[in-house]
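Shown below, as structure tokens, is a lone chain in the form predicted alone; questions about how it binds or moves come after it.
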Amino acid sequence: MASKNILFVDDEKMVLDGMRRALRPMRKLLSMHFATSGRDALGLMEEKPVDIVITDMRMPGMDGATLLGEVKTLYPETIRIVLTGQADDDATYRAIRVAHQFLTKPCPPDILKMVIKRACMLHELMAHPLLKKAVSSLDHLPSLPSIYVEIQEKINDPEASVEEIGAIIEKDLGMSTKILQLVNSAFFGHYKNIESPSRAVSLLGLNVIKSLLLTLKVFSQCDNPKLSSSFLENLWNHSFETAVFAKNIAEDVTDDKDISDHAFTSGLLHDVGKLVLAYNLPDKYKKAMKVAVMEKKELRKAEFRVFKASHAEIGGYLLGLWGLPGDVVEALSFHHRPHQYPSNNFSIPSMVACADMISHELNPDECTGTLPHLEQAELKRSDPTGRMEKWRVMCRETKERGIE
């Protein structure tokens, strides 16, 4: 892995000196730079490209949120991380729209090292500059208009419960992804590896959800006229169906509730990369869809033809960038190639792959291009005793009963 340029910004020189000492063992991986103000940081970035910037929130003159806003505009491909000790501070709330990840201050050295290593690996993963820029510049994902209206109405209902709002958010890719980004950061507390959107809503509470929706406008309905409503409806319906099927499959092979919950969330988010590509690069994505139909290819292969990456890698990169748990990031990245996942067991990527395939088989008219299929190596691992047909029957019956 090539050395990465990382910039630390803090108005206290002692803090910067401490970071320099703590990260000395990583000096072969990092080319470290330091600035004591936001203005100095921007000046340094004019002279030298920076892959990762980590800034304190409270600084005189230009605070961390303002600095990261400038970095997002000028250098959208840079990974942006903020250090904060105040979850309810106005500046910290503003950082929600500009920071990829949030860390507590003071940050334990082992946590800081882990976050930096992960950021370096992510930066290495996304080699295509156009895609890196498109994904890194995102601060939210658009929501289906009908769900956006529903959540607005429920937020304004004084009788609404956390459970009701969580159930709505869990049906939406954009809201679920953003909520999980926040709850898995240090922003609202020391929650780690929360993979259920409804659980995340419960932890954040109604007041925070209202602030995100009404004040900060972190959630927004899709406003891109180049995206058809049928594309979005099909994407959301397929994602939720895959989530339910993945959970059904997980419950059939294990009694571990955590695995079942992780399978559901991974299934729900498995196609978030399609939303990223279609929303940010709609003309090119239409081209990929056309290639899939005309040449009778799987859509992921047509995407690779056009973008040099598929929605699986794009989705995994975004969720990794936003600090979501590794299980979900890996499931997204490998759900079309679970046979390459480094595990001898029937893994969550395999569960999502099977659920995705079955969902498309049950809705062939809604699939762009040819139906996805499992590689022979994965079939041998996933279906040693003919259980694939059992899952097909099980999922078909679930669909006929009505998925809720």
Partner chain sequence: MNKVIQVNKKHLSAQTKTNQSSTALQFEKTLIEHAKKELSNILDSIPLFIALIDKNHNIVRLNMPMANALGMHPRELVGQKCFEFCHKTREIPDSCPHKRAMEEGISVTVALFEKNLGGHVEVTATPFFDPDGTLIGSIHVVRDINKRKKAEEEKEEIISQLLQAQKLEEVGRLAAGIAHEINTPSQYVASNLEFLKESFDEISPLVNSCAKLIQATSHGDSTESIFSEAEKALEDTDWEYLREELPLAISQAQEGIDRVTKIVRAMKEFSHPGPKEKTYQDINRIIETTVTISKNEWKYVSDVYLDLQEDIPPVYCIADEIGQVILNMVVNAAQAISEKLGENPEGAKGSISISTEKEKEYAKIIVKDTGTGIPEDILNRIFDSFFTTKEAGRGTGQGLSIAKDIVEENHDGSISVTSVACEGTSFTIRLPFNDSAQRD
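Superpose the two forms; the largest set of C-alphas matching within 1.5 Å is the rigid core. Residue numbers count along the first chain shown, from 1. Computed from a prediction, not measured in an experiment: that's the story for all the values here.
One more form of this protein, predicted together with the partner chain, exists but is not displayed; see below.
A.B. asks: Among 250, 314, 278, 83, which has at least one heavy atom within 4.5 Å of the partner chain in the model of the complex?
C.D. replies: Looking at 250, 314, 278, 83 one by one, just 83 meets the 4.5 Å heavy-atom criterion.
A.B. asks: Among 45, 52, 62, 357, which has any heavy atom within 4.5 Å of the partner chain in the model of the complex?
C.D. replies: When the partner chain is considered in the model of the complex, the option within 4.5 Å is 62.
A.B. asks: Since the chain is shown here on its own, which stretch among 326 to 334, 264 to 272, 170 to 178, 109 to 117 would lie within 4.5 Å of the partner chain in the model of the complex, judged by heavy atoms?
C.D. replies: Selected range: 109 to 117.
A.B. asks: Please run the contact check for residue 388 against the partner chain in the model of the complex: heavy atoms, 4.5 angstroms, yes or no?
C.D. replies: Residue-level check for residue 388: no, no contact with the partner chain.
A.B. asks: Looking at the partner-bound form in the model of the complex, is residue 21 within 4.5 Å of the partner chain by any heavy atom?
C.D. replies: Residue 21 belongs to the contact set for the partner chain.
A.B. asks: Heavy atoms within 4.5 Å of the partner chain in the model of the complex: does residue 394 have any?
C.D. replies: Residue-level check for residue 394: no, no contact with the partner chain.
A.B. asks: Test of understanding: in the model of the complex, would residue 39 fall inside 4.5 Å of the partner chain by heavy atoms?
C.D. replies: Close contact exists here: in the model of the complex, residue 39 approaches the partner chain to within 4.5 Å, heavy atoms only.
A.B. asks: Please check if residue 59 moves between this form and the one not shown, taking a CA shift of 2 Å or more relative to the superposed core as movement.
C.D. replies: Yes, the C-alpha position differs by at least 2 Å between this form and the one not shown.
A.B. asks: After superposing the rigid core, is the C-alpha displacement of residue 9 2 Å or more between this form and the one not shown?
C.D. replies: Where the cores coincide, residue 9 still shows a C-alpha shift between this form and the one not shown that is 2 Å or more.
A.B. asks: Superposed on the rigid core, does the Cα of residue 36 end up 2 angstroms or more away between this form and the one not shown?
C.D. replies: Yes, the C-alpha position differs by at least 2 Å between this form and the one not shown.
A.B. asks: Explain in one word, closer or farther, how the Cα atoms of residue 330 and residue 116 are placed in the model of the complex relative to this form, where the distance changes by 3 Å or more.
C.D. replies: Residue 330 and residue 116 sit closer together in the model of the complex.
A.B. asks: Based on a C-alpha change of 3 angstroms or more, tell me if residue 276 and residue 114 lie closer or farther in the model of the complex than in the shown form.
C.D. replies: Between the C-alphas of residue 114 and residue 276, the gap widens in the model of the complex (3 Å or more compared with this form).
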